[in-house]
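Encoded as structure tokens, the following chain is the form predicted alone, with no partner shown.
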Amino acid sequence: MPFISRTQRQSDYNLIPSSCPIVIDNGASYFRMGWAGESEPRIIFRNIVQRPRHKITGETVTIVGDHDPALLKYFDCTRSGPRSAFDNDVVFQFEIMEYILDFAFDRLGADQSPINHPILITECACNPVQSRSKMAELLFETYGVPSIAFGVDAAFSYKYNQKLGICDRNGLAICSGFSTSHVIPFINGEPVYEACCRTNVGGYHVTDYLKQLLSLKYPHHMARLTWEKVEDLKMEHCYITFDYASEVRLFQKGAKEAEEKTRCWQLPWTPTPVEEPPSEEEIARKAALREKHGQRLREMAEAKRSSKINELENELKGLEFLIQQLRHVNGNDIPSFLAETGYVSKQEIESAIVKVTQSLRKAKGEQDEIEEKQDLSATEKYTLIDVPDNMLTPEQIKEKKRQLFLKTTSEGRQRAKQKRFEEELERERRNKEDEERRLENPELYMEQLRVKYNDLSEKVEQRKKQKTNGNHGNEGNNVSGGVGRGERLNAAQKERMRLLTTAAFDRGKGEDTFGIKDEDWQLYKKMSKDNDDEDDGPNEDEAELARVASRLREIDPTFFPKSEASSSGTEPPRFRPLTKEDFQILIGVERFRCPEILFHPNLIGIEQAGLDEMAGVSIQRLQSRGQKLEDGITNSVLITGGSCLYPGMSERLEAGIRMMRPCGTPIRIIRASDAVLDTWRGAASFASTMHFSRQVFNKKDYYEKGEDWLRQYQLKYTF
């Protein structure tokens, strides 16, 4: 598949003469490529590679640089994250570097033929010879370039600004890039690499530190804190403070000035819709609609009830007609007559008549009459119960057992119903008494209820603890607070354990004779759990507690049960709706705390020197060249690189260098005309001169002279 990027492919590659060099600014953050002599690079993209798989075809696609997030929904990126060819500003992953160069030459317009243009490519100061050698081998062998030249990025930026008249021939270049920061002194326009300094801290570490701080501060918004967004926040809001300690104290006090320096990032937020109370017309309309629906349902229920009554009346008439016919049939012909009707006996028809009559009266709302009829006809239904078995046939004995079962079940239901009715009457009586007491003295009644609720709560809680831990505390030798098996058993369980222990010891003295006697097996019945007399069912205290709690809920809105309260107190947890402030990320102390690592890398655990200290070290390494030279160098300090764009950088560097130099030393901090593109522009300007052809080396020189010569190779920037 073709490369995915927003960079447009150039169409004038074949129109450029082969003698025109290609200039490459191979930075750890961005890759820039263009033609010598031009003022702007043709190709710019992020120096990263990602190789995900297509979700449908499974084909691996190479994504170089910036990509369209909308296209990533078609690829599986879980196993392939963005990868860089750099490690602390040194190229070491040349497989990734080959993907990047393939993409860059393709965007420049080159086809599959060899690249017939000289190459000028940038590198970091004091680049290891192994990295330089591998890069030269890659360009010669893979792309067939005729010649190559290597130059230091900070040197090109300094020479370009010197050409513009911004800095002098003698000076200091402070370049803070993506992953490293360099300080290089210049004498007579040439870099002095013996006196340069390097720190492995750059823009990447500032962004990563800001991302960590915001993630710890707003863990519920971590999905919003992407690398690209944090990078934008860093470039937009971060600054270098003149005095870090005083700025921190300012934010600790929470002064008004600190609030003014705090920036707010508002995340997307949709307010919760507020429901407006319905108008009187709307309430009347809904009431009319409900009444209409209710009337319709009532009509449907009445029609269904009338239909059911008609069916039951017809069925009752049929059964009564069948009974009348059965009176005129002889006893021997009854079975054959009933075979056609589906009934077995006259009693079954009478039982069906009773059921249909009950259903009919229930449908008509005559419940009391049904119960009276049922009580009057109880003796008629169970006619065989009082008859001795020796006077009954086998079929009648079966019918007698069935009637006995039905009678027992019916009586049990009647007793349960009567019990429920009595409980309901008792409940109504108690509620009536409670209501009378409440009306007499509401405050006293509520206080009594609360006292009763607390007493019952303690009682129920104590009972639960006893069931769990037994009835004994830390008595005797049980000092540690634990309980034994015996303390956790109730009375019935202790009795079972006693019987089991007795059987085991008494029967085990001699020959095992357990089971010979019938009374031995009664031991199992005594040990059965079904004989537990403990109240494992619902407890009266718990039922009363539930009733009191329900009553308190009705009359006291502030009441909250203890079982539902939080462990910290009796107040219920209160949840407020999310507001606009919940979707705001405030950036206060992070604005200057993150860039401060450029001056104090130990804030993130890197024990190296900061920018101002590195400048002092580089100047001290030039002491053998004279004091006058040192003063001239501090009079032209150029700051370049993407991490030097923070506000306050010049003032902070000037203050730091002045603390390390003698009093009265002239110090002038100069910002590059374009801290990001000056490196490429300086390299393009250098490659367009006639002296560039004398600074390159070809494939033959590389293989004949070897790595030792390449180690000593240095570009001459001044002629």
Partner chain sequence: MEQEVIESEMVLPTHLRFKKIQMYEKYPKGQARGRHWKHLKQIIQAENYQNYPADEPNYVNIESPPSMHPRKQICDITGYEAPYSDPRTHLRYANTEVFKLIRSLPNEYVQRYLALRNAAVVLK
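Positions refer to the first chain, counted from 1. Since we're looking at a predicted model, the values are computed, not measured.
Just so you know, the form predicted in complex with the partner chain exists too; it's not on screen, but the next bit is about it.
Although the partner is absent from the chain shown here, 87, 596 and 600 each have a heavy atom within 4.5 Å of the partner chain in the model of the complex.
The contact residue chosen from 159, 234, 198, 551 relative to the partner chain in the model of the complex is 198, the criterion being a non-hydrogen atom within 4.5 angstroms. Checked against the partner chain in the model of the complex, the residues 150, 103, 265, 646 give one hit for a heavy atom within 4.5 Å, which is 103.
None of 685 to 693, 672 to 680, 38 to 46, 52 to 60 except one has non-hydrogen atoms within 4.5 angstroms of the partner chain in the model of the complex; the exception is 52 to 60. Among residues of the shown chain, residue 712 is one whose heavy atoms approach the partner chain to within 4.5 Å in the model of the complex. Although the partner is absent from this view, residue 121 stays clear of the partner chain in the model of the complex, with no non-hydrogen atom inside 4.5 angstroms. When the partner chain is considered in the model of the complex, residue 98 lines it closely, a heavy atom lying within 4.5 Å. Residue contact check for residue 435: none of its heavy atoms lie within 4.5 Å of the partner chain in the model of the complex. Along 430 to 464, not one residue places a heavy atom within 4.5 Å of the partner chain in the model of the complex.
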